[in-house]
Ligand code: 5GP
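Have a look below at one chain only, the form predicted on its own, in structure tokens format.
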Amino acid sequence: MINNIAEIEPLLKAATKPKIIITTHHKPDADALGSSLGLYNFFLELGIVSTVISPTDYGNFLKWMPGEKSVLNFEQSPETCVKLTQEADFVFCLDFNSLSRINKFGEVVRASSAKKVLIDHHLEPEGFQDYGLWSTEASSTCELIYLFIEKLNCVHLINANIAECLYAGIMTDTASFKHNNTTATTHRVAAQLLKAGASSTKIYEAIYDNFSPERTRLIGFALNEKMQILREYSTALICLTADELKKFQVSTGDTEGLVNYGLSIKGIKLSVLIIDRLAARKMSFRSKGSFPANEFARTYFNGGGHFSAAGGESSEPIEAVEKKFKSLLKNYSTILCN
């Protein structure tokens, strides 16, 4: 565990307020954007103006979050983002363990003279940070943001805006508190956020009941026409081509959560989604039991992540990626079939 983040408290509370950038991984999910905006809104309560920079766009289902309209997209405003980062005193890096996870913006952050602050729960951090709060035992980065605020003795400053952002990330990264990363601390933090003004019903509806008709049709198509059940390996696989994405007018965030459907099938221990994004073939892995999704993604598909939830990518055609994936399953037959 890395835990020297409390050392920055006097710097944050100094008479001269620091210039702060907050960033997170590309194509941010609810934990990534929720932790970023939760921290942004907390800094407002401290009288500190910060800027959230996303390396890319993100799904419309996240745009309800308080402060979202202030987020800068690096791909849309690179010059502004570079200038702000060059002038920053601190860059808070949330929910990623390597600067490669923020694409081209990573080199901008690396070159900045700003102090780098890592708050994350993924395995094997790169080590670029000056200060950090890192633990793989945390359910989410949003949980760690709460613990950071707690370390500063500022829990009393958590308002509804902060609470809503942080609760969203905890809820989604634990799959509504059902994954094994849900701990007593997770429930304690969630309870405090509800007490501070977060509405679990409002947040759930904003994230899960807020999709387009095209996304709903895509899910039906993927489950009915594209899902393969590989019973001999207790595996479910969905492959979506670029033409299929175009047919269903898929936009950022529309495939979020699709990989999880496979694990709801009795006897399935590994669920995989392969998507042809033209520039690369993106892969999502979700597992139950002892299958090491992160190790598998890192070893064979240039990826990584958590033990039971990981991602990868390949430059090969989607047919070749599918063939390679299937050929590798025999190496894990003992794990998957017991």
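A residue's number is simply how far along the shown sequence it sits, counting from 1. Source: prediction; values computed, not measured.
Quick note: we don't show the form predicted together with ligand 5GP, though the next part is all about it.
| request: Tell me, please, which stretch of 47 to 55, 306 to 314, 60 to 68, 34 to 42 lies within 4.5 angstroms of ligand 5GP in the model of the complex when heavy atoms are compared? | output: Contact criterion met by 306 to 314 only.
| Of K115, K247, H122, H179, which residue is found within 4.5 angstroms of ligand 5GP in the model of the complex when only non-hydrogen atoms are counted? | When ligand 5GP is considered in the model of the complex, the option within 4.5 Å is H122.
| task | Could you confirm whether K282 comes within 4.5 Å of ligand 5GP in the model of the complex, counting heavy atoms only? | result | Output for K282 is yes: heavy atoms within 4.5 Å of ligand 5GP.
| Given that the partner is absent here, does R101 sit within 4.5 Å of ligand 5GP in the model of the complex, heavy atoms only? | So R101 counts as contacting ligand 5GP.
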